[in-house]
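Given as structure tokens, the chain that follows is alone and in the form predicted alone.
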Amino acid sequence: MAKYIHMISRIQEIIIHPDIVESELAKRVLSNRCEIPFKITSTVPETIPLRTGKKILYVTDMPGRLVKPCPATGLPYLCCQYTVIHSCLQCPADCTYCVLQNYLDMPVISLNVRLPDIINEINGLLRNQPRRFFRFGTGELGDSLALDPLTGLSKDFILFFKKQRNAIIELKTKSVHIERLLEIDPANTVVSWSVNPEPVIRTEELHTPSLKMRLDAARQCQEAGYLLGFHFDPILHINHWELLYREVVDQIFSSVDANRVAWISLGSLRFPPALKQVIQSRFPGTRIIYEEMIRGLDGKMRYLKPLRTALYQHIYQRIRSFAPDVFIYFCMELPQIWERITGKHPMNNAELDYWFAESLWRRFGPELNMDEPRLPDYPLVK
């Protein structure tokens, strides 16, 4: 059984590249490190096991673009046009299903010190598409808050987006490191949690806080004025799943106010075929990869459509019983699935992006400094 811990306590070593040791973020990490040992070197272990690498934080200067469209599945699966900020790659948690095991080359957690470049790239996007409402996030290739006691990046992003119009930042996490958030006046920020039943957290989401701890943190953020999000992703077909996922929904809405929930996503287990062997090797005890699955149109392994529909329908209806107005979307799913569950579906990715903006404007427009959204005039698909 996994032990519940604060995720930052998993870090056992910090490596600082010598070229960036004078950067503001590197200095901040060193000042916040407490007793975590560190060294300044350009030599980073690349052949160590991933389980060991997840205990090492490498502070460096990442090359290339830092703000990119979500690396999502292509058509016909619908994507919500999320924009990913590459501030950190990897995280200290060790979830059995994590696609990053097969997606990232470096076993260590890499923190990018190029915060000014990230801000410049975001500003460029906002200038080039002034009519579009952007949702940015740092939690796609890492955990937005797991390292926040060291990096303090949450404050940087919140203060930046506080000044923006038609843009919002999502801080997506499994952690409970919300200390800095509670010190800042919230603005244009959604703090969201990945959720699963407690048995799944214990066996498949190793070294992460319990569901109760996550929801306690969510309640504190709501009381501080933040909007919330929740991500049922991946939904797993496990024994007694109907009861277990119903309990998760009930716990969420007994902890927080539905009127302060900006969105909820639903996504079932999916992974590239090559990940199965990695999971078998790293987590021989897990059974989640042995369900009946097929290769989808995007090449990923997925549950059969009737099973995915049943999973979504059950959770969707339970959420709707508590929150009739909350925006619910399906992550990387077919239009037919949307239609079966909700009776409608976006025609394309751009229309789904508009649905997001319209829901936020209608429910929270003045709070989020939003203009009334219009159907987009930017490209419909990537």
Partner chain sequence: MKIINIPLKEIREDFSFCFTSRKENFQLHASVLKSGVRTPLHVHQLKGGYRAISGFKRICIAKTLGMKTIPAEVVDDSSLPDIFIHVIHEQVVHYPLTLVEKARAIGICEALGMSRKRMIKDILPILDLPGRPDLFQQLKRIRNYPKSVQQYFEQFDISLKKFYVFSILNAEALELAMQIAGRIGLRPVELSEIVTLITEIGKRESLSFKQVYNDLNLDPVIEEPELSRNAKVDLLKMKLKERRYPRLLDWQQRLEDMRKSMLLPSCVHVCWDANLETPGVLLKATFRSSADVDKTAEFIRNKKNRALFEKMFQIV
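All values derive from a computational prediction rather than experimental measurement. Numbering follows the first chain given and starts at 1.
Absent from the display: the form predicted together with its partner chain. The rest refers to it.
Engineer: Between the options Leu100, Ala187, Leu304, Met106, which residue brings a heavy atom to within 4.5 Å of its partner chain in the predicted complex?
Structural biologist: When its partner chain is considered in the predicted complex, the option within 4.5 Å is Leu304.
Engineer: Ser321, Ser31, Ser42, Gln336: which sits within 4.5 Å of its partner chain in the predicted complex by any heavy atom?
Structural biologist: Exactly one listed residue reaches within 4.5 Å, namely Gln336.
Engineer: At 4.5 Å between heavy atoms, only one of the stretches 194-202, 123-131, 150-158, 275-283 reaches its partner chain in the predicted complex; which one is it?
Structural biologist: This holds for exactly one stretch, 275-283.
Engineer: Answer with yes or no whether Lys27 is in contact with its partner chain in the predicted complex, where contact means some heavy atom within 4.5 Å.
Structural biologist: Lys27: no contact with its partner chain in the predicted complex.
Engineer: Whether Glu292 contacts its partner chain in the predicted complex should be assessed with a 4.5 Å heavy atom distance threshold; does it?
Structural biologist: Because a heavy atom of Glu292 falls inside 4.5 Å of its partner chain in the predicted complex, the answer is yes.
Engineer: Test of understanding: in the predicted complex, would Gly296 fall inside 4.5 Å of its partner chain by heavy atoms?
Structural biologist: Residue-level check for Gly296: yes, a contact with its partner chain.
Engineer: Quick one: is Tyr82 in contact with its partner chain in the predicted complex, heavy atoms, 4.5 Å cut-off?
Structural biologist: Result no; Tyr82 lies far from its partner chain in the predicted complex.
Engineer: When its partner chain is placed as it is in the predicted complex, are Tyr58, Pro116 and Arg270 each within 4.5 Å of it, taking any non-hydrogen atom of the residue?
Structural biologist: No.
Engineer: May I ask you to list the residues of 19-55 that have any heavy atom within 4.5 angstroms of its partner chain in the predicted complex, in sequence order?
Structural biologist: Thr47, Ile48, Pro49, in sequence order.
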